[in-house]
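Only one chain is shown below, in structure tokens, and it's the form predicted on its own.
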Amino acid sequence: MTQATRYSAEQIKELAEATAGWRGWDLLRLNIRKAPTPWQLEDVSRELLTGKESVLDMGCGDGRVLASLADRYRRGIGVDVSKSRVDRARLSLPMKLRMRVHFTRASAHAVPAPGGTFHLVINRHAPLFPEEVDRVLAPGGVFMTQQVGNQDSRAVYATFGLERAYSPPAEVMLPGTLNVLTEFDYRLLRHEAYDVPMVFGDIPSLLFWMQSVPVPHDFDAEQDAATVLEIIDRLGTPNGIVTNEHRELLVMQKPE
């Protein structure tokens, strides 16, 4: 019996409907495991902070990255275009941090802050606008971004008949940002990538991910249930659905 025969298309639709109500990437119900990676964004950020800095998180999502670093900076602001994510970030923020960590709804293209305000600008899987990064970053400040690589989860995408696993919009591609900031005389500190095995430990986690990314289009349980069954059949193991995680890191410093 194949992995897929344990499920029916109707069961996939029911699971998709149930997981559609999940919120945030830090939910305990999300069962994703991956091999060790050469960096974690929070660790790279901590290495750059001394406790005196002002930090901007562009595309802060649920705010967990900015909040986790709060013991290492003086003041932090997170911006995101999603009202629901900003609301979640505010509600999740511990009371003791609310005097110096703030979240606001805004585009990374137009941050509501004066020029030269921040010593560190963080961007995680969010659109890149290098001119705005340069505007808000203080002289000598550092910009760092982690982006999803174009070979992320390639086995899942291949099930949909796509050779290229991930085709990010032009505004989130690293080469353009690297070129612009290089033209602005920024110093390149790090430019790395990793590609490691990743496992969805259960089908609800796979479905939540497919609806959140989305893969490779706006997920439709009615339309895509058969493909999900094929993914389970092709990639399923006793330990879960096996694919990969591909990430790219860029860290650059503005001239003094």
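A quick note: this is a predicted structure, and the numbers were derived from the prediction, not measured. Residue indices: 1-based, along the sequence shown.
Only in words, not in the display: the form predicted together with a small molecule, which the text now covers.
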Answer key: of Cys60, Val55, Ile203, Ile231, within 4.5 Å of the small molecule in the model of the complex (heavy atoms) is Cys60
Exactly one of Val81, Val180, Ala138, Ala113 comes within 4.5 Å of the small molecule in the model of the complex through a heavy atom, and that residue is Val81
Heavy atoms within 4.5 Å of the small molecule in the model of the complex: which of the stretches 120-128, 154-162, 180-188, 89-97 has them? 120-128
Flag Arg72 as yes or no: does it have a non-hydrogen atom within 4.5 angstroms of any non-hydrogen atom of the small molecule in the model of the complex? no
Decide whether Ala106 counts as a contact residue for the small molecule in the model of the complex under a heavy atom distance cut-off of 4.5 Å. yes
